[in-house]
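The form predicted on its own is given below as one chain in structure tokens.
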Amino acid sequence: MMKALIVRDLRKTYGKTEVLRGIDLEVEEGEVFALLGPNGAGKTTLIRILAEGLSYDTGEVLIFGMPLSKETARLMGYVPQESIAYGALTVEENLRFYADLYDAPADGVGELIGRFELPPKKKARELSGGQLKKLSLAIALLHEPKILILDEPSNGLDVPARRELWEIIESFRRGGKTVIIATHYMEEAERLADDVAVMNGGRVVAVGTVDDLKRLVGEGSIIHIEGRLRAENLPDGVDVIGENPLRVRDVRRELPGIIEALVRAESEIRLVRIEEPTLEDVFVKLTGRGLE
């Protein structure tokens, strides 16, 4: 499968501050790729280079094997943090304005209004946060881009609107579209991304699937079992931590054997709780601080 995006040793400096310090990334066609990191990590600067043509100092950016240019910009759709819709225009007027600006087919306006269930005659300034985000998505899709770039897409949305947005993004993946998301929400990256790049201080400090990154914290899950327990004859590879918690490498495979061994030893089990590493744990281990 072709690489939708390749970034090699990308560097960007503002004054004396090096904002991007040698970024290397590869994004597969058809995947959802998350840039995860706190504010100030360099995510938005990287996104602006890709989507807005922001200049950079050194490095290389390839879109489907072609150098970043005005031509390759047509392959990308961009949804920035702030809405680009004009408040005084209706939903339909905004879409027709941007269709003309992008030289996109105007007959796609009605299809996008229906797809995102937008009120065509309502002014943009009258829309809810979730509707406004969907309008921005519709605008970004007018010229049928192959890559969709979203900068902090859930910012400012309430929980129902956020969940609806996530379902829309997942539908993009099912449709074969490449989606790049910059986010500081751990749950967003964990829910949506096929691969995650953890960014901090202008660098990519780790890349991989969510499961790959969680393994950086330490192998396995921790099982908390409450009750009067006797831990004799537990399966091989199970480590007892303290009095009750058990660390295992494969909780689905090993938990039944652990329960069986405890029951045979005449333990009294009241509650079983499984604790798995999170992306927050990964970030703290890699950077020494949280995502916020």
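Remember, predicted model here, so these are calculated numbers, not experimental data. Counting begins at 1, following the sequence as shown.
Just so it is clear, the following notes concern the form predicted in complex with a small molecule, a form of the same protein that is not shown.
Interface membership of N39, defined by any non-hydrogen atom within 4.5 Å of the small molecule in the predicted complex, is confirmed. At the 4.5 Å threshold, heavy atoms of S128 stay clear of the small molecule in the predicted complex, well away from it.
When contacts are judged by a 4.5 Å heavy atom cut-off, T45 counts as touching the small molecule in the predicted complex. In the predicted complex, the small molecule sits within 4.5 Å of a heavy atom belonging to E152. Contact with the small molecule in the predicted complex, judged by any heavy atom within 4.5 Å, is made by just one of R162, K134, K177, H184: H184.
Stretch 31-39 is the contacting one of 56-64, 31-39, 221-229, 263-271, since its residues have non-hydrogen atoms within 4.5 Å of the small molecule in the predicted complex.
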